[in-house]
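First, one chain by itself in structure tokens, the form predicted alone.
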Amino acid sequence: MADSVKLYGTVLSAYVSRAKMALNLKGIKYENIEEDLSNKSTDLLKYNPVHKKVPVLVHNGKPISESLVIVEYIDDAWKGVPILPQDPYQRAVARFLAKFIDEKCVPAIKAVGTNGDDHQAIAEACAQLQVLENELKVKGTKFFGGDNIGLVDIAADFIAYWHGIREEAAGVTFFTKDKFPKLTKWADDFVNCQAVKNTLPPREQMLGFYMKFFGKVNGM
């Protein structure tokens, strides 16, 4: 009997896209269930009663929450292209960098344009991005995962796609080829991978969302 795989999410979410990317890399067919976060379904509240957020993966009736936990689960549950390194040390490094992206890098980027002091916020965001730039320099590979997309690449999906649109909406640009040659090249390669492309929200839809967001923040 075939596996039952459902993914509860929203099209604009970078976190939901992480789960979609992992499923695509493994070649897993799944049912995509679009949630209205202003009117959450009873299923979502049942499957994720703690955080009540997307994404939630439901595999044969069993729910898994939190995007990076879902990605690791997918890697463990299905064979095929590995998402995490096989070497224990490299797995630990990948998990460390993925956590760094979520806890340090993305929050620093999101602070730009929202706190009234863009100079300080940009400096902080650039300092965090430089860590990833240095990591790519040291590795000398196309992706953080080597020749293929891995956990860290998926964790950094916001930087690769959402951030550029956010910069345009905010009218602030600091993620440039001059400052981050390795990271911007990585971003181009990443978003053009087949397993990634069809998980990304339409650019105009995402831009409209961010234009409204920054209009509210800036009192426009």
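In this text the structure is predicted, and so the values were computed from the model without any measurement. In case it trips you up, residue 1 is the first one in the sequence shown, and so on.
Same protein, other form: the form predicted in complex with another copy of the chain, not shown, and the subject of what follows.
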property	result
Triplet 77, 91 and 96 all within 4.5 Å of another copy of the chain in the predicted bound form via a heavy atom	yes
4.5 angstroms heavy atom contact with another copy of the chain in the predicted bound form for residue 64	yes
Touches another copy of the chain in the predicted bound form: residue 37 (any heavy atom, 4.5 Å)	no
Partner contact for residue 73 in the predicted bound form: another copy of the chain, 4.5 angstroms, heavy atom	yes
Close approach of residue 45 to another copy of the chain in the predicted bound form, 4.5 Å, heavy atom	no
Partner-facing stretch of 48-56, 185-193, 156-164, 170-178, counted where any non-hydrogen atom is within 4.5 angstroms of another copy of the chain in the predicted bound form	48-56
In the predicted bound form: members of 153-181 within 4.5 Å of another copy of the chain, any heavy atom	none
